[in-house]
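Here we start with a single chain on its own, the form predicted alone, put down as structure tokens.
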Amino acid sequence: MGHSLLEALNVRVVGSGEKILVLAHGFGTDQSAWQRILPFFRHDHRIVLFDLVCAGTVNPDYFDFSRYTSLDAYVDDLLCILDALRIDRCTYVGHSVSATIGILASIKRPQLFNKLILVGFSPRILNDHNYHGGFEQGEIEQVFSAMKANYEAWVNGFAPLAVGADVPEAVREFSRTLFNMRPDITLFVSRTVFNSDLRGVLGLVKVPCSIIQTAKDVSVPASVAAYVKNHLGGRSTVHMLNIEGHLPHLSAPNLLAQELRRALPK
């Protein structure tokens, strides 16, 4: 299973060095989202890259709608990749939903991770009593309806909002990877992500964490970073980037690379 999964999810290991750095992309992108980050780390790290099964670069036949009903299946994929590569210790950088996947993986196998670096992470996207996730249920349903009604129009509207900053190249890149995804898979994964709630398990995370968040993110309110820090079970730090957008690795890769370097275990 391990080796077939490595092929299916386009797993690559690049760079050199004894330290292992896993870069896990978020919803709507694929591993190419990290291409501007790689040059900063490949000289002193072996970097593991892969595509989530929902990415447009993965054969959609591999997406089992009955299996990927929760994020647990994505966690199993990640752990299977690390086991197949015989990695017993790594620093994990997860963007967006992959930050969530890393959190859950660290609860299952804490010894695998010497640090989690969470970029644009939210334990719950929906607002709740005494919790500001950023969205009401009705707003989420409107998003789903827009996706179903006209996927192209939804992408053309969502991509600039998500990028936030005035970086046309980043908008084009994010639009490209969204268009690569099959619309029914995008909608299915969106429902899984938007309905997930990790608030109750944050205290089980004992691996040290660095939380990296932009000052203005349409998907993750700035207050979420403090909430996560206050509820994680281990040591954590918050790094706020004074920029806009949910995809700093596309819109401000140099700045994000500097913060990632600061966040790496010493």
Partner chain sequence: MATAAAAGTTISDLPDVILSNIIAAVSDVRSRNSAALACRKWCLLERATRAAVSLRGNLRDLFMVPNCFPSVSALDLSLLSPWGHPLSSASDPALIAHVLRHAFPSLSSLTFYARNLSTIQLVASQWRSAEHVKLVRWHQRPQVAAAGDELKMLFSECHRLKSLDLSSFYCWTDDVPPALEAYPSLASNLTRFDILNPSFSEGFKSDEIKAITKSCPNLREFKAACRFDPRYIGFVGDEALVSVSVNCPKLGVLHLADTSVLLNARGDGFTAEDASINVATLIEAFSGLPLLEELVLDICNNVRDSGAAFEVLNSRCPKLRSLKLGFFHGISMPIESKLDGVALCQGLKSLSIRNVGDLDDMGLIGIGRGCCKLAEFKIHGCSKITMKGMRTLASLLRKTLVDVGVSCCRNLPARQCLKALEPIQDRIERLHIDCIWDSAQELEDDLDGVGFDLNCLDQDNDFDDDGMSKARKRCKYSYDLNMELDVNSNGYGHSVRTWDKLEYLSLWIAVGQLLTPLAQAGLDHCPNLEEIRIKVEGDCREMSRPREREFGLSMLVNYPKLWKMHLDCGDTIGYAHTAPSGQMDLSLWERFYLIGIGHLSLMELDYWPPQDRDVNQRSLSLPAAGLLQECFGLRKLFIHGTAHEHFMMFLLRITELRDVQLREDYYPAPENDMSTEMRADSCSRFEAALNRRQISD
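Residue numbers count along the first chain shown, from 1. These numbers were taken from a predicted model, which means no experiment stands behind them.
The next section is about a form of this same protein that is not shown, the form predicted together with the partner chain.
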Please determine, with the chain shown alone, which of 159 to 167, 90 to 98, 77 to 85, 113 to 121 has non-hydrogen atoms within 4.5 Å of the partner chain in the predicted bound form. 159 to 167
Is there a heavy atom of Leu250 lying 4.5 Å or less from a heavy atom of the partner chain in the predicted bound form? yes
So, in the predicted bound form, is Thr57 in contact with the partner chain at a 4.5 angstroms heavy atom limit? yes
Though only this chain appears here, would Arg176 touch the partner chain in the predicted bound form if you measure heavy atom gaps against 4.5 Å? yes
Going by a heavy atom distance of 4.5 Å, is Ser32 a contact of the partner chain in the predicted bound form? yes
Using a 4.5 Å cut-off on heavy atoms, which residues of 171 to 203 contact the partner chain in the predicted bound form? Arg172, Glu173, Arg176, Thr177, Phe179, Asn180, Met181, Arg182, Pro183, Ile185
If the CA atoms of Gly164 and Ile140 move by 3 Å or more in the predicted bound form, do they move toward each other or away, so closer or farther than here? closer
Work out the direction of the Cα-Cα change for Phe40 and Gly164 in the predicted bound form: closer or farther than in this form? It's 3 angstroms or more. farther
